[in-house]
Ligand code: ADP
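There is one chain below, alone, in structure tokens, taken in the form predicted alone.
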Amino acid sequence: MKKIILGLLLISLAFMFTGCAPQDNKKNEADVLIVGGGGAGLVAAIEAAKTGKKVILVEKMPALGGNTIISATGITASDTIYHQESGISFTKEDHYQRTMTTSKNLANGDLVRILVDESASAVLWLKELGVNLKVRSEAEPFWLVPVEGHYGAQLVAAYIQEANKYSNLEIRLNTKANKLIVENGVVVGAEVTDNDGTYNISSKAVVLATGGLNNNPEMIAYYNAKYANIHTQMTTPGATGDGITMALEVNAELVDMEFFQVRPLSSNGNWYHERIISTEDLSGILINKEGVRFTNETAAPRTVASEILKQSDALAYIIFDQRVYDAHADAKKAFTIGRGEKADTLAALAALIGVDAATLEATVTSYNEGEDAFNRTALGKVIEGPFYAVKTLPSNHYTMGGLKVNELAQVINKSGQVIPGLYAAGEVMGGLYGDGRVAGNNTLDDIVFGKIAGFNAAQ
């Protein structure tokens, strides 16, 4: 059902855009070519169009939105109008330190400083576009969330509405960029393919806003073998690393490509907080298809994910009891959205998920008696029926590395030089996250670096 609703939403948003020219009216020259129609690409296109230059945006999918449209929570920003109005403080320095600490100080501090310094103006721009936000709480002052409604859908709808104002901005759906065109060392367009064939679009500059690798498990495994067999539950179809591939062909440099944000507990497009398997006493365990535990459930989420991926069919089952179900909202969410199974006894539960009953009972008994081969420091209990099982398919949530860029969003080559005519914004861009991402910084960086890339590409 969720996929059906998302599909209808994507289609409805696609029809909101009226600027897509029919095939026989196409002019394949522009001042700026934007590749990718997610959040960063739309922002870059709007910013470039503001200068009066001719802009073409190509999107390989039949609708706009990319992964931005499934962003469910909010944006992280500091010293904003909403912080002032609420009296809840989250300063630029708080924002900077949180971002750098989460990255394990591997992020590019100069890029992070730009992100932080421009965050308040980015939020003000969203307000001007009609996206109304509020500070989530005093406990989480970094989060700005919608007053009502779905965050990602609101963003994309607002961007499309703004893009519609510019007659010099053309958007072409179902149009995939294949490779960049380079003349005398300068990127001057791209080869693209649509329903009518393959052709070139020439431009004075190209902005890559193609997103991450989330829907390309083979490419993820290439950059980090720990995530071989990663699932794609938490992404949209277009995030296949196209921009990385095209940029590498023109000698672009990459940064932090080994780092991914993965979720060990995931199914049906959602993730469930790890507390349901890691909280002392009130938590469950993970078993594989053979009915046995295989890891310390309280380890770092990415470690747990990589261990699950080593199991048969790269999956596991979350096993918990009624006490955990009652104590954790995420346990209820996992059971409902993850289409879990429930039974009064462990033997009956084992039958429902196709696991040997005697093995599951022995695994749980051993665990309840404190026998643990994985050095788990916070042992729980699985003791009170009914018992629950939810299949989990670890999924990639965010690509934290990407193309190396400078403060003008220009892509840098392997010799440390700017690649003339080539810019990047959004998840395809590296340098902001290192080994960890502050949630909500991603849709912020779409705006901040989308604007920087779009403006500079139009100069």
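Since we're looking at a predicted model, the values are computed, not measured. Residues carry their position along the shown sequence, with the first being 1.
Note that the form predicted in complex with the named molecule isn't included here; everything after this is about it.
Peer 1: Is there a heavy atom of residue 392 lying 4.5 Å or less from a heavy atom of the named molecule in the model of the complex?
Peer 2: No, residue 392 stays farther than 4.5 Å from the named molecule in the model of the complex.
Peer 1: Going by a heavy atom distance of 4.5 Å, is residue 36 a contact of the named molecule in the model of the complex?
Peer 2: Yes, residue 36 is a contact residue.
Peer 1: In the model of the complex, does residue 175 have a heavy atom within 4.5 Å of the named molecule?
Peer 2: Although the named molecule is absent here, residue 175 would touch it in the model of the complex, with heavy atoms inside 4.5 Å.
Peer 1: Check residue 338 for me: does it contact the named molecule in the model of the complex (non-hydrogen atoms, 4.5 angstroms)?
Peer 2: No.
Peer 1: Would you mind picking out the stretch of 357 to 365, 328 to 336, 204 to 212, 291 to 299 that comes within 4.5 angstroms of the named molecule in the model of the complex, counting non-hydrogen atoms?
Peer 2: Only one stretch passes the 4.5 Å heavy-atom test: 204 to 212.
Peer 1: Which residue, 146, 238, 189, 217, has a heavy atom that falls within 4.5 Å of the named molecule in the model of the complex?
Peer 2: Exactly one listed residue reaches within 4.5 Å, namely 238.
Peer 1: Heavy atoms within 4.5 Å of the named molecule in the model of the complex is the criterion; list the residues of 118 to 141 that meet it.
Peer 2: Result: empty, none.
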